[in-house]
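Only one chain comes next, encoded as structure tokens, the form predicted on its own.
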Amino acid sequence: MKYSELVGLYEYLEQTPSRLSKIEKIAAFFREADAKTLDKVVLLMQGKVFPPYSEKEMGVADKLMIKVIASSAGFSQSEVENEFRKTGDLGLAVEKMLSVKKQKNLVNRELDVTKVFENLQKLASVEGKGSQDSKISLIKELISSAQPKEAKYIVRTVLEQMRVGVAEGVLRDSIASAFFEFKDQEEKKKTISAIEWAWFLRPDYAEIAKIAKEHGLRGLEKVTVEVGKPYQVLLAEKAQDLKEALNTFERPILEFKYDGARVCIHKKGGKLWFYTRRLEDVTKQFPDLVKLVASGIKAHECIIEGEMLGTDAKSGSPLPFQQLSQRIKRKYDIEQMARTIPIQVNLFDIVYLDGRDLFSETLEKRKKLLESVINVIPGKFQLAEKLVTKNIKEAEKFYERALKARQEGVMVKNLDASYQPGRRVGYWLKVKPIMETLDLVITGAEWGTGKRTSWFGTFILSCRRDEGFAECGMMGTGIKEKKSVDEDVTFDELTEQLKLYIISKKGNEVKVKPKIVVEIAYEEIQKSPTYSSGFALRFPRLLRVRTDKSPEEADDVGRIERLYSQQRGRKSAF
């Protein structure tokens, strides 16, 4: 398949606001793609060349791309930088510069999708001495052969700035429309559910599209969780209070809601893999967990879920999640970090055991199976604290005990419920003592003044809406100038993180890729014509950076609407 054909699709998607029109166009494109190219097309449609759970990254920043464009288009780096400042988009910059290119190639080879895909994948494996020159060469080879519009999208793909409005829901529905015909809405709903279920278990729409094309509905229905590969975990909903949570289920079980990180432990004989809820492979970061699993799990093959806490090396008391998060992202001095911040693992579910997935089993049955395969190592590798009760007074005592243990609150779960990967379905409810917070994404910032001139001083917060993000406030409090405790987040730290994701600059303002999720407290939600969400947070403040959440898991505008309607007894207008 010619890359120019894919570029034509990109252009259509970028100019088309209609979701249904996008789905129709993508579906037609998927139908025409051959089996060998389809998976590449699906990934490139998302601006990726690796599955979402892959650790591999192309690792090219704006600065290096400016060098590539200058070299490919025959301009100086300062000329490229000037064009970048005008457009705020290196894709548009390269398109314009190639249109008036100073150097003409004698041979202009037509690019195909496979060549573009393979060159971009190679970027991730380039390391060590001379790696920068090798990366420049790989990208330059593509840009030198590309038409201006093709170069625009190559650059955007490398920088993860595609902006064509193709989110997971659009891909799901496009696969359904491409490879299936429906007699009625019920059949369509069933097919979409099968695609989504397969994706929950194998979270890569490139793989799911290939299965749908080659094996149809039966192929999708045969997809199972695979030991060693991550899946989308079941998520909890928030309850108003403990009483509401307890009354939701006939047979509730309460567990501590630990202030830690969700971990999915995959074991196959002597092989182990550890994944976070964001599908990150953290096996290398936790050699101490490898030792605990070797002693603590009796099963030959299983997938077990738990919450991993950081603990004080001397006292053994729990540490805030922010300190444990230092280990999750760690690439160096891993053994030293394991000694500095040891872990405790509290296990609460099992979804696979010796060749059989357990999603359709009740939580009660899964709990019994979990208990049967665990050798408890007290204080290190143990079953989560739990209580089976319908009695509110007993539940309140358990809740207080969780808070005294310096945990976040409690989970209230339905013992009769199955396991639904990838969804908040009301099977699990969480109860926390603090006000309803919001998990939002930082999409912009402004440079500070006075002693904060070298840092971003205020940050634009956005919630999810449709396939993108909508602004809902500006935050400047809750961030520290200096750390007083390890979990403090400083202006300097947040600035350095955001610098990696700057898309454009204008005066003292920058726009950034929606990459960093933050938990926000606020005094009130107000209606606002100023922000694109239609709402504004009054006095928002940072509670913590949510390294355990992806932007796709941030709160949406619907949740802000619901919280707004609940304030001061307002009746919902939505």
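Counting begins at 1, following the sequence as shown. Note that the structure is a prediction, hence the values are computed from the model and not measured.
What follows is about the form predicted together with a small molecule, which we do not show.
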Check whether residue 277 has any heavy atom within 4.5 Å of a heavy atom of the small molecule in the predicted complex, and answer yes or no.
yes
Whether residue 257 contacts the small molecule in the predicted complex should be assessed with a 4.5 Å heavy atom distance threshold; does it?
yes
Decide whether residue 432 counts as a contact residue for the small molecule in the predicted complex under a heavy atom distance cut-off of 4.5 Å.
yes
Whether residue 262 contacts the small molecule in the predicted complex should be assessed with a 4.5 Å heavy atom distance threshold; does it?
yes
Could you check which residue among 307, 196, 173, 95 gets a heavy atom within 4.5 Å of the small molecule in the predicted complex?
307
Picking from 153, 428, 75, 399, the single residue whose non-hydrogen atoms come within 4.5 angstroms of the small molecule in the predicted complex is 428
Select, from the options 112 to 120, 483 to 491, 454 to 462, 408 to 416, the stretch whose residues sit within 4.5 angstroms of the small molecule in the predicted complex by heavy atom distance.
408 to 416
